[in-house]
Structure formats: structure tokens, C-alpha cells
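Considered here are two forms of the same protein chain, supplied as C-alpha cells in two stand-alone entries, structure 1 and structure 2.
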Structure 1
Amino acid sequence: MSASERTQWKSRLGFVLAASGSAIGLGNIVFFGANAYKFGGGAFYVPYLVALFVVGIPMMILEFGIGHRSRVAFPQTLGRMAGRAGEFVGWWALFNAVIITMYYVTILGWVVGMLIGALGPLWEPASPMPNYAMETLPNPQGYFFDTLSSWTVVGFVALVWLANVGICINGARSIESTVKFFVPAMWIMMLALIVRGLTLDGGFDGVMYLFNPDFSAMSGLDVWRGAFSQIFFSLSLGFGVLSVYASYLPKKSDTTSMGLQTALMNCSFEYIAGFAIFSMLFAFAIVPKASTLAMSFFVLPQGIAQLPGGAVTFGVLFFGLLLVAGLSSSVSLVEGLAAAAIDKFRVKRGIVLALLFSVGVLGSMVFALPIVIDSSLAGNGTLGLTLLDLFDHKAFGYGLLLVGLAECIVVGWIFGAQRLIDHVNRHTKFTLGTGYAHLIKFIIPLTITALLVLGFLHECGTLGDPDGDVSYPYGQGLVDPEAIGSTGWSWVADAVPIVWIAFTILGALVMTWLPAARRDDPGDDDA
């Protein structure tokens, strides 16, 4: 199969919707609002905007540009730029993304369970807790932990994986058809939640808090570190998916302007999501935790339960929004993995997707394990949730930033930033200059390095409380990894870093070492 036979987006709009759908996920809906609440309300928007223009948009243009130039998947793209070392970085990024995809799909399985519960059981006063130390637990916490400790979640996980491979079955064509429905649906559902939030007593006061921010919070290092870390998470940087999406663009495409459009669309969605979150938090005097799981399954459903006469309707709307947003993101992760295998080994898409489905379901089942290891719920609850929390810390807290740093080194110092600039400037309305090269070579790498060092120092307790202000999208806020020490499962916390490093490095080494099938089209070398 030559490069010319690769599927392409039917329209520029389809690509922008797909890329923005990849970026808009579970965490964008609630994690951004929780971080904003934590870091001074609207004051968080200022460092977030700085991070958007200093790191977010430049890195998105970089990933769009290298994918569009090479017209192959992420590992092959970096391989063309830096040889075997570059290909290794690309595969390492994808194996890190494999772990994230597996537990992300598990979370979507829980969303399916909560969506079913929103039809009625979720709003009952309490749920019986046969697997835990207490007899009952108030809902929605009770219903969530009851779902968490049930094997039915494994079936939900399989259904979510089936939906992902089904959407990816025809590559860009089937993904584009799906996101043209998904993305507008997300905006409509979010706007409905905003309107309902603003009509609550006190809801408007919550939105006004965003326009009367506590700017004294901006003097702290944590708010800036939180904003720059949020950008990587928000824009799907470091996964390799934006690069493969751009590889499906026609040769004469303006990747710079599309990068701007995608980033601004994503951030606009986050901003308006803040309206919905803050209106409900203030209306019902709820204090959030900066965790996607806690916000999605505990905090916001508490507010929805208090809606006069609308808990079922808006509960279904909220969890339906989470499911659609989550699928639009997980589809991009699956496509990034599938495209890399197809481009290297020239195998049929159906075979690759069948393999991904089989391996993916097994991997997601690990994070869905309903084995209760902490019946008191003082720490973790189930083994699956514990593993999710620990792997999330490594894969998100370090993995994505390391990939971003490697990308800057490969493009800025090995391949040459100017060569990328020359390529993206061929068909753009917004010409990039030498300042962009300085961002890629110096400013962004130094920023990422600082984030990694500060995060490590916080984790070690050298710089502040190791648990006090370090938050991760899906863990570190709902469960406490240290609590498993008293449950007999302390070895899990020690094993996870080893497994993460071994899985990503060995997987990347094997995939880099395996010989590639002959490629008919060398792509755009523009050397």
C-alpha cells in the first residue's frame, strides 16, 4: 500500500473536528474546572493562556507539521528525522499511550455504568455495600463503588472497545463521519448544562467568580506549574495522535492555521465548561477535588441530584456528554496505534484492529478488576482502581512530558527547526519566523524540564507537601496509593514503576528492531 492509498479527511472541517474531538475528553470537562477552582478561579485563566501560546499552540503546530510532512504515523515520522533513535522515541510514546488507552477505556466503562444508573438507581438515598465494611453508602458514591466492585464493568469495557474499533474501521473516513456528530453533540449538551446551571439559585454567582478572580494566587509557583501541565493534557500532546491525524491531510494544507483553530476550539470548550462547573459548585456549596474521577463520579452528580425535578434528565445528559467526549478521545488513541502498525508492517487494518481489540480488552480488564483490597474505602477500594491511579501518575505525570521534550530535541536539534518551518510555511496564512525555532529549541524544552524537575521534587517531598498540590487527571484525588500499605498489597506500588518502564522500553525496542515492510512512497523529504 503506497502513501497515496492512505485514507484522507474529506474536508478541513472534518480534520479540525477530529483533532479537537481528540483533545476534548473527560478531563477537559471537569479537570480544568477543578484546577481553576483550586488556583484562584479566573486567575487560573491568565497563566493558562500564557501556557497555551508559549507551549500549547507551538507544540500542536509541531505535531501537525511533522505528521503532514512525512505522511506516516508517529514512530515512522520521528524515524525519518532521527533514524532508529527517533523511531524508538515514537514507539515509546505509543506504548505509553497504550497504557493510558487501556485505563481510559476502563473509565469509560464506569461511565457507561453510571449512565445506566442515572436512569434511576443513582439518585436513591443509599446503595447496599455487600463488598465493603459499611452496610450502605450514600449515593452517588455508593452506586459508583458498587459498580466498581462488580464484574459487569468488564462487559462495559468490552463494549467501549468494540465502539472504538468500529469507529476506526475505515480510518479517517469513518472517524470523520463520527466526529461530525460527536463534537456538535458535545457542544449542545454542554450548553444545556450551562443554561441549567445559570438558572439555579447562586449559579450566576459561581460564573461571576471567574470574572472576579483572586489574582494573588498567580504569585504562587503551583498555579503556573498547574497551568503548563494542564496544557499538555488538554491538547492531547505527546500521544502521537495529532501527528497521525495530520498525516491524513492533503499535501496542500495549512497546518498552522488548523493548529490555531483546534487549540482555540478546545480551550473555548474548557472555558465554557467552567461556567457549568462553577455554577453548580456555587449553587450547592460543593468543594471540588482536582481529579477527573472524583469530579465526574462524586462531586458533580451530588449537585445534579439536588436539581429540582431534573436529576434523571440532567444525569443522563451529563454522563452522555462524558461518554461521547471520552469516545472522541479514545478513538484517536486507537487510531494512532493502528496507523503505526499498518504503516510499518503494511498489514490489513482489520487484522490490526482485531489484535488491538483483543489486547486492549485484556489490558482494560486489569484496571477494571473488582477485587476489593480496602473494604473501609479509607484508601483505594478495588485493585483495578489502585492500579489505574498508580499508572496514571507515571504515564501522564511523566510520560507525556518526556515525549514532548524528546520531540523538541528531535525536531529542534537533530532534524532542524528551520526545515519544519519551511514546510509548514508553504501553504499557510500565518508565516512562522525564527522566533518559532527558538521556542522549539530552547523555551519549550526548558519549560518541560522545569515541570519534570518540580514534579519530581514535590513527589519526593523536597519541595512542599508531596500530596498537597500535585494532582493528576484520573488519580491522586480519589484514592491514596500509600493507603495500600496497610492492606497487604504494598508490593503493587513498588511494582508499577518497574512494569511501566519495562513495558514501554522493551515494547519500543522490539517494534524498532523488527524489520519494516517496503514502502512505495518515500513521502515529502523536502531536504
Structure 2
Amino acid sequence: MSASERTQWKSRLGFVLAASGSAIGLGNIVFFGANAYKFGGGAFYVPYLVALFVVGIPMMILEFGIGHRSRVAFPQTLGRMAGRAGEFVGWWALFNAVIITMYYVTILGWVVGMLIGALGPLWEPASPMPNYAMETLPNPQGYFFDTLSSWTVVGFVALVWLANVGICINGARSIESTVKFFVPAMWIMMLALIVRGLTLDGGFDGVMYLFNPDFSAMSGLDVWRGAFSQIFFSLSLGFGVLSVYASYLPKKSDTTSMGLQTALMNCSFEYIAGFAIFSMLFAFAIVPKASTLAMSFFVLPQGIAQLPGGAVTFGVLFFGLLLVAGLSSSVSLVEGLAAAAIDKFRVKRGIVLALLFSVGVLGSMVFALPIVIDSSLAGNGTLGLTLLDLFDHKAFGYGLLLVGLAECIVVGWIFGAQRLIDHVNRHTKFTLGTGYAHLIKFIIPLTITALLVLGFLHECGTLGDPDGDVSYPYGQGLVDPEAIGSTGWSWVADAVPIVWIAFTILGALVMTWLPAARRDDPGDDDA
């Protein structure tokens, strides 16, 4: 396919829906809820808003702008700006996002299982748990662990991957037809959950939890790093996917306004998702031990089970929402990778998608199968979850920020911030000035570097406990090193950083050095 045959969005609304579909996902519900809870609700919102305005919105404008200007996929876009090094950064971003997508789809596979459960079995007193070595657990927890440890997970994961490649089958065109239904559906389902939550006795107290700043917790480094990583993940920044979506826009497009719209829509969704979650937690006085997934997968369902108005209805709404929101996010990576491969090797879309499907299913199995094979893991250290959390820590906590930093260097310093500003200012209501150049060249890279360096030093123990005297009300993520140590799988935990670095760097090197197929280069849109 020559570049002139690239598909385009039929309408600008189609693009905004697709971009917000990519942005709104599990991050807005599962991860935001868990982070906000872990960091004490109100303590999280100041760092969160700072991250949104200082880094989130400007980076979104940057990713939209560069993709729109070059009208090619992400590695090629950066390649035109900074040669081979730029292309390498682009592939590295995609490979980092591939790891995220592998476990993201595994989680979506579990969501499918829970959605089926929500039709009935999830709400029964206890699960029979045929695969499960431990004593019987009460539902919904029992049903969740049963789902994790049963072989049907393989089928669910394959199904989610199939849906992903299916939605990408005709590129922007099929994505647009899908998000036209998915994105409004997400808002409707979320609003229904919020109304239900807020009308519960005591539900409103949960909302107040999100608006009650705790200044002492804000002095911890973790809360800041958590907020910035959350903003990157939630806005789909550093994945190398938004610029591809923007490359399918018509020439005269106001990418700055669309960037603002997308970012604000995503974060409003995220914040009000917090209303739904916290109103239910508070109304039923459930105190989650805030491990990332537990909160959405069985703590919140504990509340849903007691809802006047029907556990089935609201359970289906909740897991249906997670599935729809998650799918419209993961497709953006499938499209980002497919476009990059097509732009580089001129291969047929069908072939790329078939390949992505096969590799994707295998990769997601790495996260799904440990618990299936050794179901005793599900109960104690939850290795499957822990493995996921360990990768999450690298890809989510470091990878996205590193990509963001590299993007700023490529665009701000090598390509020239002013050239980007000139491009995005051509058709916009919001003209950007030199302040934006300062953000891209100095403020954002310095902020990210500080977070990365301090975070790394803390983790190595050089600076002691990352949080000093700060103690978060509900502490702890999923990682429980002692629990892993006791399972005989601890070598896996040690191998994670090596696998992460090897996979992303080697993958990106290979893709960069492979020769590109000859092409009719459309050139950048600088006219």
C-alpha cells in the first residue's frame, strides 16, 4: 500500500473518539482507583493535576503534532526527525508497549471470565473451585481465583486477541466504526455506575475522599512518580500509538484542540470513575488491601453483590465496561505496530495482523499460565499477578517515562521545538508560543529525569526508603517479595529486568537495522 492509500478517519470526531478510546481503558478504572486509594485519595490529586497540565497535555499535543506532520507510523516519524537513533526510539517505545499489551490482554481475558461469572455464579456464596488446591474461598474472591487458575483462560485470552486484530482489519476505517459504539457505551455504563454509587447511603463520603488533600503524603517521592506514570499510561503517551492515529487525519486539522479535548475527556472520565469506585467502597465500608487488581476484581464486586437494584445488572455493567474500555485501548497498539510494519516493509496488513495475533496470544500466556499450571500460587504470593506487577513496574514505571524523555530530546533538541510549533499552529484555535518550546526542551525532560533518577536511586537503596517517614494509609502494591521467595519461583523475579531490557532493546535494534522496502515517500507535511 502506498502512503497515498493510507486510510483516513472519515471525520474528526472519529479521530477524537479513537484517541479517547485508546486513552480510556483499564488505566482509568483499575489502575487509577488502586493508585488513588494507595496514595490516600486527596493526596493523589494535586500531583495528578500537576502531571496532567505540565506533562500530559503538552506531550499529547506533541504526539498528535508529529504524527500529523509526517503521516507515517511512529518509528518512521522519529526516524525522519533524528535518523536511525530516532527510529530506534520509536521501535523501542513500541516494544515496551508490546509488553504492556501482553499483560493488559491477559487481564482482559480475566475480565471476560468475570463478565461471564457476573451473569450468575459470581454472586453465589462460594465457588466449588475444582482447580484450586486451597480451602474454599467465599465469592467473588473465590470465583476470581478460580477464573485465574482454570484452563479456560487460554480461550478467553485468544478471544480478546482475536477481537483486537478483528477491529484493526481495515485500519482507521474499522477502528472508527467500532469506537463510534464503544466510546459512548463506556460513558453510559460509567454514568450508570456513578449514579448508583452516589445514591447509596454513605456513597458521597467516598467522593470526598478524592477531594481531601493530605499534604503530608504529598512529600513522598512515590506519590509523584505514581502520578506521572499514571498520566503517561492513562493518556496513552509513550506507547507510540497516538501519533499513528494522528497520521490518519486530513491535512488541515487542529491537532492542538483535539489534543486538549482528548486529554480532558480522558481525565474527567478517570476522575469520575473514582466517584463510582469510592462511593461503593465507602457505602459498604469495604477496606481493600489495595493491591492493583484485587480492588476491581473482587473487592469492588463485594460491594456490587450487595447493591439494591441487582448484582447481575451492575456486575455485567462493570465488567462489560472494563472489556469495552480495554479493547479500545489495546487495539491502538495493534494498529500502531501494524502501521509501523506496513510502513517499513510494505507487507500486507492481513499478514501482519496474523503474526501479531500469534505472538500476542503466546506472550499473554506467559502472564496467564503460571497460575493455571501451579494453582497454589493463586493464593499466597499470586505469582501470576506478581509477575505481571513486576513487568508493570518496569514498563509502566520506567519505560513510558523514558520514551517520553527521548521524544522530548528528539523533537525539542534535534528536530527543533519551533518547527513543531510552526506546524501545529497552522490550523489551530490555540496558538502555541515559546512557552511551549520551553516545556518540551527543558521543563518536561528535567522533570522526567528527576523522577527517573530519584526513583532509581531509591530503589537501589542509595537514598533509603523512598517514602521516608510518609506512610500511605493502605500501603503495598501486589509485589510481595517474601511470598515469591517462598514459592521457588524467585528466579523469575530476578530475571524480569533482564528480560525486559533484552526484549525491548534487541527487538528495537533488529527492527531499526532491517532494511526498509523501497517506497514512494510522501514527505513531511511542511507545505
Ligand code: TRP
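Note that the rigid core is defined as the largest set of C-alphas that superpose within 1.5 Å between two forms. Residues are numbered by position in structure 1's sequence, first residue being 1. Keep in mind the model is a prediction, meaning the values are calculated, not measured.
Here the form predicted in complex with ligand TRP appears as structure 2, and structure 1 shows the other form of the same chain. Once both forms are fitted on their core, a CA shift of 2 Å or more is seen for Y45 between structures 1 and 2. Comparing the forms between structures 1 and 2 on their rigid core, the Cα displacement of F345 stays under 2 Å. Fitting the two forms on the rigid core leaves the C-alpha of F228 displaced by at least 2 angstroms between structures 1 and 2. Lined up on the core, G33 has its CA atom moved by 3.4 Å between structures 1 and 2.
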